[in-house]
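Taken one at a time, structure 1 and structure 2 that follow are two forms of one protein chain, written as structure tokens.
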Structure 1
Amino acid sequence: MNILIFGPNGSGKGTQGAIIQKKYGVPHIETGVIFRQNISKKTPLGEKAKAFIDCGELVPDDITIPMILDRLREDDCKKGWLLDGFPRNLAQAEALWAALEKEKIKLDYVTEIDLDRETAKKRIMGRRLCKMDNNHPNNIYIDAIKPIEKNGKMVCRVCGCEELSTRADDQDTAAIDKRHGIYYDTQTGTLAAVNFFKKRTKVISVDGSVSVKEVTEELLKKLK
């Protein structure tokens, strides 16, 4: 099963991607990892990508897409794959679709976690890190994982640690708005890419405002 997954920052896309990966036994492929691997191995494409990255420029699609295709041809992708983080805009969606068609690689599903912009932003800003273990989920805006109140202070819901902190980038409203501005753009941005695929293949949309468990149940039900 070959799947693309979409969702704004704060939608829980990473969590659901990990669940899909485990459920279907397919590799979870992220474009950032592909870049790092190609650069570290000094592949021809990696060297080209590094030149753009070192200059602070975006890597062109004619470098990115061949990297992705090379990854999709690897042995662990023979039974399927889950591609995350690409395409980010309409032009990339068009280029990726054309490349998959040319290579005769079938795209079985596109999954979209639908979440309104304000809720997505609050979820990002609501993340709290436990000093004892950053993997303990705490978020002041999500009831299911809200920190516990103890003696008038919010503490880790998992271990009771009284030292919860925030990541600087989670509180950078300008950066969040910039990323979301790209994602929620229905003309040329990521949602425009989702709409492009809706006209060409099966797109599964799930409500991202409910609990993680409910999102998972709906997603897996529709992927059958």
Structure 2
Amino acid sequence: MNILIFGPNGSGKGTQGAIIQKKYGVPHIETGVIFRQNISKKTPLGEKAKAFIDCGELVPDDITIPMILDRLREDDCKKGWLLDGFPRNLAQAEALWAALEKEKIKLDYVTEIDLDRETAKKRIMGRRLCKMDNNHPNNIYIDAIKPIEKNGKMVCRVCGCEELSTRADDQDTAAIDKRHGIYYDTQTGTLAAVNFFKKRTKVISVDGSVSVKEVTEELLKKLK
């Protein structure tokens, strides 16, 4: 099963992506995570990507496109993949489509979480990272995943870890605006990529403004 998931930063794409991954048992490939791992390991790729990521700009296509196409050729992707955070612009969508056609790989589902820009921004700023596990969802602005209060302190709602932090680019409003500017751009940005797929295949859209549980239910119903 080969799946793409679109949605602005803050739409719950990571949370829903983890649920889709579980359903189909395919690797969840998140471009942002790959970059951040390379930055923390101080690899040459990480060093090149860091400056762009810090200010919310896209890492250039000549770095990102081959990185992702190579990742999709790895062994664990033979059973399928869930691609999250790529394509992020029209050029990446065209490159992915051409590579899939050339390698005769079928795209089974293209999914999109719809969310308005203001709500997405608020949710990004509310995101909290658990030191024990980055996949423990915590957000001070979303009731369903609000951290728990313990002795006047917010702790991880999953494991109780007392060290909750924020991602630097999540608290920088200029960086958020830049990231959202790219997402909501229908000319060459991510919505242009979504429209590219809408012209070629069916795109499953779900309303991201409702609760996490409701988004999951709608998504799973439509994915079959």
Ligand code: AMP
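Predicted model, so just to flag it, every value in this text is computed and none were measured. Each form is matched to the other, and the largest set of C-alpha atoms that superpose within 1.5 Å is called the rigid core. Structure 1 provides the reference sequence; residues are numbered from 1 along it.
- The form predicted together with ligand AMP is structure 2, not structure 1.
- A displacement of 2 angstroms or greater separates the C-alpha positions of residue 148 between structure 1 and structure 2, with the rigid core held in common.
- Annotation for residue 138: C-alpha shift of 2 angstroms or more between structure 1 and structure 2, rigid core superposed.
- Once the rigid core is overlaid between structure 1 and structure 2, residue 28 does not reach a Cα shift of 2 Å, moving by less than that.
- At residue 127, the distance the Cα travels between structure 1 and structure 2 is 3.3 Å after the core is superposed.
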